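Heads up, the chain below is alone and in the form predicted alone; it's given as structure tokens.
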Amino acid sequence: MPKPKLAIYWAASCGGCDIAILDIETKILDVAAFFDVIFWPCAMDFKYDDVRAMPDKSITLTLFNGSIRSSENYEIAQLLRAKSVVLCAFGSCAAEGGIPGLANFHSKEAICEYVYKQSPSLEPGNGTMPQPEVRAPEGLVRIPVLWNTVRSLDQVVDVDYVIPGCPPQSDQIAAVVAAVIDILSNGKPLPPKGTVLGATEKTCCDECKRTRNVKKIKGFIRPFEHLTDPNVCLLEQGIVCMGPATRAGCGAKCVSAGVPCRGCYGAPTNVRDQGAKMASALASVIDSTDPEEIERILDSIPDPLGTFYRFSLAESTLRRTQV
């Protein structure tokens, strides 16, 4: 019997998800032994035309990481959806738009104006803006068109499963891979469509071992501004920790190391907007009823929108619809 076919693709993201796959160490050999890896541009020389030539639904599983922010990202998302039996949004960028989604605070024109005309350059005075088509000595060169709005994968194609995280934890990846191999080897039924793999229905706070004393705070600080108590909830020490508004599954590794949760596992079950959930959590620890003092306390939060929606802006109720 032929091996099941596996595709892995990197769209608008940092590449950390591809590295996380390699971080499963020797278990990558199990993947190579069980699957026929037919498309992984980050690791091997594959061409888009190779995938275009394949019959529809001939790829058993595609792990798609990265958000959709260009015409190329969209084209390949459509292509891999057509060719794949199971398409998995792998990591925060594919699942929610991720950090690239923070670009939605600005227009494409404003971003390009800053990058190509205002920021420091190795070629002073060169304010050339990228063009979709450029005539070169070798012929007509085409580059992808940058979208005005960054989107998550499920906003452009149908997605079967989600593996959250920035990047997904290597132990969770190994567990998911082992489960997929077991399912395919033994003819077991797949999980219900829409299942979030490698996560639970609890919050990061439920996994955190720090003590919560329901303390009230008078202001917020950054982690480097104060030597924190290793045993007490970071939020109750005045450090914005996204744990109350974040799905469990990572093992609270960041918080255990003294680093506040960033929210990369996404909103918990039945929470529509991660930022709104976090605002509600902060309201419960602010020690004041005076509107002016409350405003002063809230003003001490650095970059609240970028903090509350660091990974989920593209999927939030604040998202914009213009491409």
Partner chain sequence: MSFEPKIIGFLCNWCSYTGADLAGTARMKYPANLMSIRVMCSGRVDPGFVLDAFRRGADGVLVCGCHPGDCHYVDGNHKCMRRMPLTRRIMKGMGIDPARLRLEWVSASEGARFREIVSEFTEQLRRMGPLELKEIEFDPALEGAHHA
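Residue numbers count along the first chain shown, from 1. Because the structure is a prediction, the values reported are computed rather than measured.
In what follows, reference is made to the form predicted in complex with the partner chain, a form of this protein that is not presented.
- Although the partner chain is omitted here, in the predicted bound form none of Gln118, Glu123 and Pro144 has a heavy atom within 4.5 Å of it.
- Proximity to the partner chain in the predicted bound form, defined as a heavy atom within 4.5 Å, holds among Arg222, Lys253, Arg81, Lys108 only for Lys108.
- A single residue from the set Met54, Ile286, Ile28, Val259 has any heavy atom within 4.5 angstroms of the partner chain in the predicted bound form; that residue is Ile286.
- Across the options 165-173, 151-159, 191-199, 87-95, residues that bring heavy atoms within 4.5 Å of the partner chain in the predicted bound form belong to 151-159.
- For the chain shown alone, Arg320 is a contact residue for the partner chain in the predicted bound form, at least one non-hydrogen atom being within 4.5 angstroms.
- Taking non-hydrogen atoms only, Cys42 never approaches the partner chain to within 4.5 angstroms in the predicted bound form.
- Although the partner is absent here, Asp50 sits far enough away that none of its heavy atoms falls within 4.5 Å of the partner chain in the predicted bound form.
- Taking the partner from elsewhere, Tyr309 is found to have a heavy atom lying within 4.5 Å of the partner chain in the predicted bound form.
- Using a 4.5 Å cut-off on any heavy atom, the one residue of 72-90 that reaches the partner chain in the predicted bound form is Tyr74.
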